[in-house]
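Okay, here we've got a single chain as structure tokens, the form predicted alone, with questions on binding and movement later.
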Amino acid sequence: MIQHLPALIIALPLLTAFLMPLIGRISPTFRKLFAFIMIFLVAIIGILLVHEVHSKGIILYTFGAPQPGETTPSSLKIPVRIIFEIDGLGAFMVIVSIILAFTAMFYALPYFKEERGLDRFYALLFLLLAGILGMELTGDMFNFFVFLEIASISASALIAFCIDRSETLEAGIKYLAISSIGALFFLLSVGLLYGEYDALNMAMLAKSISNTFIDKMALILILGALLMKAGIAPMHMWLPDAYAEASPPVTLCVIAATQASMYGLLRMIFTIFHPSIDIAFLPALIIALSLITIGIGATMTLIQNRLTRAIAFAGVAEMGYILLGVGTAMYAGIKGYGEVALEGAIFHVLNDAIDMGLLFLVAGSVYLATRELDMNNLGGLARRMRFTAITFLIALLASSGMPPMNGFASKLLIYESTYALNPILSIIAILASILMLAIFVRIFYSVFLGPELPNLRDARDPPVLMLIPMLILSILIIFLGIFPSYAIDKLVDPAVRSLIDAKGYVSAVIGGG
């Protein structure tokens, strides 16, 4: 059973997605119980898989054969079947995705009281999870495209799930349109690489790529696709709508899909292309895009009146911080402060997912209690929703990079590395964080402090089942802030080492073990 964990972690969500419409016909209660059991099992499998990776190193899993080499002619030494290649980075992303998916499912069970269409909702949610995990585990470029499409289609349907509101339908269509353009870019790059090297396996491509013009074109197309999917400016326009208009459980899973796209960016740049490709302007372009993303996210958050849109634009800025670390690592090379930058970027993937996830869960609780998201019509909720107010305070401090929360630890690594590259970059990043803190303090005052509005006196904290995922994320924020070395040693460093050792990745796969 242990050796089949890579297959099980994909097969179980897919099976659940297909069974959910049938399970829903039995009873709504059984459907919820079945959904919770399945997400719990997926989480257990994910934890076991991560443990196996940390114990044994890179795990190879070929569908239909014990080892990659056993399915190829004796003259060939490359894997030609569907193969999963799980290293430290893939294991790290599995943890991020499972945290978001588990808390989203836990929150969704009491959040949705209307039973209409919920069997399709849960089916799409598990289908989205399968697509996300497939992106993070596959070692094949075409299968990465397939899983990317699965995640994109299911996410767009989930965003537009509440079709009684035109805003959700518009956000879903916008997400689908942007995702389709990005997928076409990626598919074209796959075609270029396959035509040149007659290979789709990532390790084989990493070994073969030789800085040709076609290689450079493929890399540019891939970066365009994944930057678009990660919500990086100027291709960020879908993210505020998708995050803000979707229900909170959906938003958490879309955040996981966004981070999976950032994973793809890291994998393509540092494992496949970085050892061989020489594009002089690319690191500077990545850094410039990151600063633009941070600036747009921070300034647009400032002018928002709707709570979820303000949080969504803050999420845009946070993706900019991750990309800033990536660009710094590309510019410096994976050594010295470049390695510190990569460490900060990968750590911030985890922290941003948790921080943004908690902020949207709080926003969902506020909406459930008040049926209002306009901050001009909110105020004084801390008197009635004490637990919600405390968790929002924790999340805003974390996302603003304030100690002792988790966001401070990862942003400090990014500040340190960018300062070594150019002090101006570090100053801009710090000033943007200070601005975000001021904005979030204003939001906190508008929603939870100030005079209590008469129409909000019946507001209460959400049910206990909704408080539990908020409590889980709050505990993770505080724990990772007080003990960042634990996450860095156990999760971040193995992910960074897997990117640094691209040759080790290639040799492990090409050698079949």
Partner chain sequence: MEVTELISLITRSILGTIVLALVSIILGLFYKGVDRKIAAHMQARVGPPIRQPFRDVIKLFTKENIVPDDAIPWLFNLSPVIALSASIIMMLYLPVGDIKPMLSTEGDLILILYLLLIPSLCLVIGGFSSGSPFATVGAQREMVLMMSYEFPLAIAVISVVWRLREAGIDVPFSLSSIMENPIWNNVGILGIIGCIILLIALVIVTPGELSKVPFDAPEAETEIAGGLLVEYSGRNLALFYLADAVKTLAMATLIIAIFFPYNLSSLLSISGYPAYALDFLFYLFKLFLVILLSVTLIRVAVARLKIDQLVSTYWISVVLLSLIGLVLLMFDRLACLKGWY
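Everything quoted here is computed from the prediction, not taken from an experiment. Positions refer to the first chain, counted from 1.
This next part talks about the form predicted in complex with its partner chain, which is not shown.
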- Query: Want to guess which of 91 to 99, 363 to 371, 252 to 260, 392 to 400 is within 4.5 Å of its partner chain in the predicted complex, heavy atoms only?
  - Reply: 392 to 400
- Query: Would Y337 count as a contact of its partner chain in the predicted complex, using a 4.5 angstroms cut-off between non-hydrogen atoms?
  - Reply: yes
- Message: I'd like to check something about R116: if you look in the predicted complex, is any of its heavy atoms closer than or equal to 4.5 Å to a heavy atom of its partner chain?
- Response: no
- Using a 4.5 Å heavy atom cut-off, state whether Y445 contacts its partner chain in the predicted complex. yes
- Message: Considering non-hydrogen atoms and a 4.5 Å limit, does its partner chain approach R383 in the predicted complex?
- Response: yes
- Residues in 415 to 438 with any heavy atom within 4.5 Å of its partner chain in the predicted complex: Y415, E416, Y419, A420, N422, P423, I424, S426, I427, I430, L431, S433, I434, L435, L437, A438
